[in-house]
Each structure stands twice: as C-alpha cells, then as structure tokens.
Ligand SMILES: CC(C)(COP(=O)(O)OP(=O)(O)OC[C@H]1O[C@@H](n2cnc3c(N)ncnc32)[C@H](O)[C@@H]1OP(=O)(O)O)[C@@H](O)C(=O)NCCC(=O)NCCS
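What follows is one chain in structure tokens, specifically the form predicted alone.
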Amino acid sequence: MSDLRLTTRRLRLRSWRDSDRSPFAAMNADPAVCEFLPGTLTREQSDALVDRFRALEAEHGFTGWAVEETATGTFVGYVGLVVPRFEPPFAHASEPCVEIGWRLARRFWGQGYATEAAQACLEHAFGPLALPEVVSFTVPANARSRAVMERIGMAHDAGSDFDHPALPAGDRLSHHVLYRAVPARPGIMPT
C-alpha cells in the first residue's frame, strides 16, 4: 500500500489507519450523513468500506482517503477517487471510470472542507495520475454535493444522468445526476 498524503491549507488526505475505524463508523451511523444513501452502515459494513478503500489504494494507487484536520489531527471523513463497483452506463469503453466522492462527519459541514479536499484530489487525478476524466454522481436532491461538484469545476452532463443499477427501479434514490471533469490540457486543471 502506498502512503500517499495530499495536503491542503487545512487538511491532510492520507491512507487509512485502524484508529480511523471508530470515528468512521460513528459518521456512517448518522442518518443525516447518510440521507442520500440507501441507509446508515453497521460497524461491520463501515469496517468493510475501510478495507475496500485500502484494497483500492493497493491496486490503483488512489482511493477514498481518510481526511483529517492538519492542525488537530481530528478525523473529518473521507474524500477521494474510486473505481465504481458497477459497470457505469456512461463509462468510455477504452478508459477506466474513476469517480470522485466525499463523506464528512456532520460537525464538519459548511466549512468548505469537502471542496478543499476534492480540489486537491482533482489536481492529483489530472496531474500525477494523468487521468483523462473524473466523474461524480448523486441523487438530484443532494444539493450540498452538487454544489461541491460545481465549485471544483465539474459540469453536469444531463444527457448521461442514469438510474443506479444497484437500486430498485422507482426507488427514491435510484435516479442519479452525472457530473464530469476533464483537464483543460493534459496535466492542467481547468479553470
């Protein structure tokens, strides 16, 4: 596993530690945090997600990284890059699909942390990783996440909105909006 660390003005994105499991589980048990997910996670499900993030980092060199405040070392949540578990209908056949996502503990909402960390992830995606594209998706009602997507320069691709294959047709969370980001030129972030 790599021990990549991305830093921003206030945050550190890093590999997962066993000490992150308890605060991550507490965050994933919060109904407000999981409002636009199929439900809250049990401790076992939350721990399995940490294990998945560790496996993704070992396999791809990127993941949903643990995020902590630089000044205090306090666990904030996760932000990062992942390969979706399903075959996205909007993916390009010749390129792997990479999604940017985030989930922060409620006490850290409204401070710009998701935007700050996600911007660092996009810079890493289009810089050292040289990815040709990064996507993000959520339900239409998730205004907070959609605002982060727009603040980091992603554009809504309405023609590629889709129904999530892991959710039953007609479920309140099945329909998703898709956002895309591409570098303006190889290795350069769009403005």
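Note that this is a predicted model, so its numbers are computed, not measured. Heads up: residue numbers just count along the shown sequence, starting at 1.
The form predicted in complex with this ligand exists for this protein as well; it is not shown, and the discussion that follows is about that form.
A.B. asks: Mind telling me which stretch in 51 to 59, 148 to 156, 65 to 73, 121 to 129 gets its heavy atoms within 4.5 Å of this ligand in the predicted bound form?
C.D. replies: Among the candidates, contact is made by 148 to 156.
A.B. asks: Decide whether Gly110 counts as a contact residue for this ligand in the predicted bound form under a heavy atom distance cut-off of 4.5 Å.
C.D. replies: Flag for Gly110 set to yes.
A.B. asks: With the partner left out here, check for me: in the predicted bound form, does some heavy atom of Thr138 sit within 4.5 Å of this ligand?
C.D. replies: Within the cut-off, so yes.
A.B. asks: Would you please decide whether Thr40 lies within 4.5 angstroms of this ligand in the predicted bound form, comparing each non-hydrogen atom pair?
C.D. replies: No, Thr40 is distant from the partner.
A.B. asks: So, Val33 and this ligand: in the predicted bound form, are they within 4.5 Å at any heavy atom pair?
C.D. replies: Val33 belongs to the contact set for this ligand.
A.B. asks: Quick one: of Arg180, Arg21, Arg10, Arg14, which gets a non-hydrogen atom within 4.5 angstroms of this ligand in the predicted bound form?
C.D. replies: Comparing distances to this ligand in the predicted bound form, the residue within 4.5 Å is Arg10.
A.B. asks: Judged by heavy atoms and a 4.5 Å cut-off, are Cys97, Val134 and Ser160 together in contact with this ligand in the predicted bound form?
C.D. replies: No, the whole trio is out of contact, none within 4.5 Å by any heavy atom.
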